[in-house]
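Two forms of the same protein chain are encoded below as C-alpha cells; each is given separately, as structure 1 and structure 2.
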Structure 1
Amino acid sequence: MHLHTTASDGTLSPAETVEAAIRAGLTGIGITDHDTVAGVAEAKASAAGRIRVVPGVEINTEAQVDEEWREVHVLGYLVDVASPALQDELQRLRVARLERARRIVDKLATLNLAVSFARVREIAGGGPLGRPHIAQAMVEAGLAGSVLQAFQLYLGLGKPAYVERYKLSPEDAVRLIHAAGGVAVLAHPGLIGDDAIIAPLVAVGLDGLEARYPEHGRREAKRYAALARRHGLVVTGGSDAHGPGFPGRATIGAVRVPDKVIEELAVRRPAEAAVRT
C-alpha cells in the first residue's frame, strides 16, 4: 500500500516494482511516489491484470503540533491521476523541490562539498528531486560514506545544508486529495512524534491511518489501529519500500494488509468521484 519507484526516489522502475510485488505474492500494490503520479500508468500497464495497482501519491507536509514543527506525510489513494487540481499542485511542489535542490547544492559548495547539479538531476531521472538523490551524488563524489551519513551530517533537518521548501499543510493535502476524488491516509503516524496531529485531520475528513508500518512496534501498531477505529478511520499499512539499495527501508511485502482495506477506502471516496468512475 505504500511503495516508491524511480518516478520519485525509489530504485525500481514501476514495471520492476510490479514484478517484485508479484514475486512477493502480493495481490495488490499502492504506488505512492512523492509529489507525482507519473509511475501509476506504467505500473498498471505492466501489471496487465496480474496484480491490482492502486493509484496513489505521498505528499510531505509540515505542521506545528504542540508548538513543535513536525514532518507529516499524507498518502492519497484512488486519486484521479488526471485531476487538473492535483496535477497543478503537484507540479508546484515539484518546482519547489527543484529550487530547493539547487539551493542545497549551492550551500554544499560553500561548505567545500561540491557536487554537480547536473549529476543530481541525472540521478533523479526527471522525477521530483529528493534529498536522497543529492545524498547519492555526494556518495559518488566521495563526500559522504553513505546516503545515511549524508543525511546525518548535512541534509537532515537542522543540519548545515538543510534548506526549506514550499510545502502544503496536512489539512490542505487532505483537501487536495479529496478534490482529486481520492481518500487521504496519514502515513506512519509513529514517526511524527505527536498524536495531537490526528484530531485536526479527522476534522477535515481524514479517511485512514497507516497503523501497520515497519518501524511501528507491535504495540504501536495496535494502538494506532484502536485510535483509527475510535475516529472511524480505515486501518491501513504499508512497507514504504524504496527498492534494493535504498538505505534503511523495508522490502516490498514486508507489511501486508487484507484486500478488503481497498474496498473500505473505496467506499469513502467523495460522492462525485464514485459517479465519475
Structure 2
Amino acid sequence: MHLHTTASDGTLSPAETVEAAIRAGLTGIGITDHDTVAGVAEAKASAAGRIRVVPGVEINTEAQVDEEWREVHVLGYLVDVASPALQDELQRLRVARLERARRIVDKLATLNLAVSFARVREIAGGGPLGRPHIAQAMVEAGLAGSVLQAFQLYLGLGKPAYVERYKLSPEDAVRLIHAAGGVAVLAHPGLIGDDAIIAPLVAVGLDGLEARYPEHGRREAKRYAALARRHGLVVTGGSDAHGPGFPGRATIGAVRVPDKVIEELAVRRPAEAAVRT
C-alpha cells in the first residue's frame, strides 16, 4: 500500500513493481509515487487482473509544529488520476521543486561551490529533486565531506545556499485528495516527530493513519493503531519500498496489511466520487 516506482524516485518501473509484488505473494498494491500519478496506468495495465492496483499518490507537504517546520507526507488512495485539480497541483509542486533546486545550485555557484545541475538531476533519477540530491552532488565534487556536512554548512535552514520551498499544507493535501475522489492517509507519523499534527488533520477529514511501517517499532505501531481507532481512522500500513538498490528502504511486501483495509478505505470515499478503481 506504499510503493514508489521510476515515475518518482523508485528503481523499478511500474510494470516491474507489479511483477515484484506478484512474486512476493501480494494480492494488492498501492502505487504512491511522490507528487505524481504517472505510474498508475502502466501498473494497472501490467497487472491485467493478476493483482489489484490501487491508484495513489504521496503528496509532500510541510506543517509548522511547535514553531518548527516539519515535513509531512499525505498518502492519497483511490484517487481519480485524471482529476484536473489533482493534476494541476501536482504539476505545481514538481515545477516548484525543480526551480528551487535550480536556485540552490545558482546560489552555490556564487559561493564558488559549483555543482552540475545536470548531475543533480541524474542523482535524482527522474524522481522529485531535493536538497539531498544536491548534497550528494557536492560530496561527489569534493565540496563537502558528507551529505550531513553539506546541510550543516550550506543547505540547511538559514545557511548561505538555503532557498525557501513552495509550501503546501497537509490540510490542503487532504482537501485535494478528497476533491479527486480519494481518501487521505497520514504517512509514517512516527517520522514526523510530533503527534500534534494528527488532530488538525482529523478535523479536516483525514481518513487513515499508516500505523504499520518499517521504521515504527512494534510498540510504536500499536500506539498509532490505537490512536487511529480513537479518532475513527482506518489503520493502514506500508513498506515505503523504493525497489532494489535504493539505500535504507524496506523491500516490497516487507509490511503487509489485510485486503479488508482497501475496502475500509473505499467506503470512506467522498459520496460524489465516481472513479473506476
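Sequence positions of structure 1, starting at 1, serve as the residue numbers. All of these numbers come straight from a predicted model, not from anything done at the bench. We call the rigid core whatever largest set of C-alpha positions still superposes within 1.5 Å between the two forms.
Shown as structure 1 is the form predicted in complex with adenosine monophosphate, with the alternative form given as structure 2. Assigning each C-alpha to the better-fitting of the two rigid parts between structure 1 and structure 2 places residue 17 and residue 100 apart. Domain motion between structure 1 and structure 2: the smaller of two rigid parts turns 21° against the larger, based on C-alpha superpositions.
Overlaying the rigid core between structure 1 and structure 2 leaves the Cα of residue 146 displaced by 9.0 angstrom.
After superposition on the rigid core, the Cα atom of residue 116 is displaced by 3.3 Å between structure 1 and structure 2.
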